[in-house]
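Okay, so here's just one chain, in structure tokens, the form predicted on its own.
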Amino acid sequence: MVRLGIMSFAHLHAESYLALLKSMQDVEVVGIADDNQQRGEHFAAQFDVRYFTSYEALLDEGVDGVLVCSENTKHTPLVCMAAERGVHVLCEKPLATTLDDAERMVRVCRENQSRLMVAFPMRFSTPALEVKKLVDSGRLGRIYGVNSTNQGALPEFHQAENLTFLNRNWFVDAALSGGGAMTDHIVHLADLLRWYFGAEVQEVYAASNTILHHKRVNVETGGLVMLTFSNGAFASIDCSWSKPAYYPTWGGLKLELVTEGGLTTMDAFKQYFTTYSHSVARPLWNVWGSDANQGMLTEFVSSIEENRAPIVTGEDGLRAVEIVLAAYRSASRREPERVGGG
């Protein structure tokens, strides 16, 4: 039995993670800790788990691993706190908002034999896995380029208006998130493409703006990023918060691979059916397909049970942080930027 806990419920993914963990037979959910007591007590009661008043108290219970779901700029102290006790960590993306923090987390985990995994669930998406199989089979031939999108709705659209302590408005506060749409949405596709190509990003050219929602937030809400890989392939990423408030879901992730063998397309969130109702203001998307989060959590648990490194490592998170930071430098200077790990 693997004993797990969750450190912070600042990130909205913490709710789905906890629900999934409670359904896993080989997992014991020890409890949750949150520096927002009202929020922590709310979710502890909702999921019928123990609430710890401090992160140290949760770690003192002898957990094997923790999920860090805090605000982005708070990842580092929580990951290092767990690692220094030899506890394994699954950290929300992006791993960090500065290169120094990302490198420190990877180093501290390595020094304390704490396995660090980063929350890149697209590695476990069935459609994404099928594309990976095609790429690895060689049937597509040479890959010339990729057009990809990871769009979403403005995070402010997903606030709990009647429960202010559940508002996740830190997503649009650069002091806590590290940035806007580029911070939020570059990393998933950057990691997926590194995995597909088996190559590193060498150069980034990016543009960003606040045309969308400029009266609501002070961070970038639109971004277009061009990546050049060490194998000569290139890719574009639309990482904008462009979905309207009443879109059926938060957004989606798609890509088109232009290859020697033709065109291959993938929509990671196409496995749903749409329900229309007289009583609901917008159509509902009911997902029937695979659950990438379930696959990611299963891998984290398995890596602990089997005493091995997870499929997605802290180094993968570090490489994604390098790409995001290069994108910000490029957007600011309006010229291509080299990537530290390329």
Partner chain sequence: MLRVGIVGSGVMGTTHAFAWAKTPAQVVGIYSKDVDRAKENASKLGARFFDSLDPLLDACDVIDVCVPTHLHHEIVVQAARAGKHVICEKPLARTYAQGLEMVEACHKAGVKLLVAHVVRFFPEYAAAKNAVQRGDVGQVAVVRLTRCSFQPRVINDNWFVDFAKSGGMVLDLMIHDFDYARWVAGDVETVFARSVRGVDPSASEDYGVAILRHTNGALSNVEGGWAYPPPMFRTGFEIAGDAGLIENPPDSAVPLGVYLKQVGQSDIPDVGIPGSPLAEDPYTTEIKHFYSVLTEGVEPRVTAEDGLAALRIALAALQSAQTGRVVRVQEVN
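Given the structure is predicted, the values throughout are model-derived calculations rather than measurements. Positions refer to the first chain, counted from 1.
Here the subject shifts to the form predicted in complex with the partner chain, a form of this protein not shown in this document.
Only one listed stretch (95-103, 124-132, 219-227, 185-193) carries heavy atoms within 4.5 Å of the partner chain in the predicted complex, and that stretch is 219-227. The partner chain in the predicted complex comes within 4.5 Å of no heavy atom belonging to residue 250. Within 4.5 Å of any heavy atom of the partner chain in the predicted complex lies no heavy atom of residue 85. With a 4.5 Å cutoff on heavy atoms, residue 168 does not count as touching the partner chain in the predicted complex; it lies far away. For the chain shown alone, residue 242 is a contact residue for the partner chain in the predicted complex, at least one non-hydrogen atom being within 4.5 angstroms. In sequence order, 142, 144, 145, 146, 147, 148 are the residues of 134-148 having a heavy atom within 4.5 Å of the partner chain in the predicted complex; the partner itself is omitted from this view.
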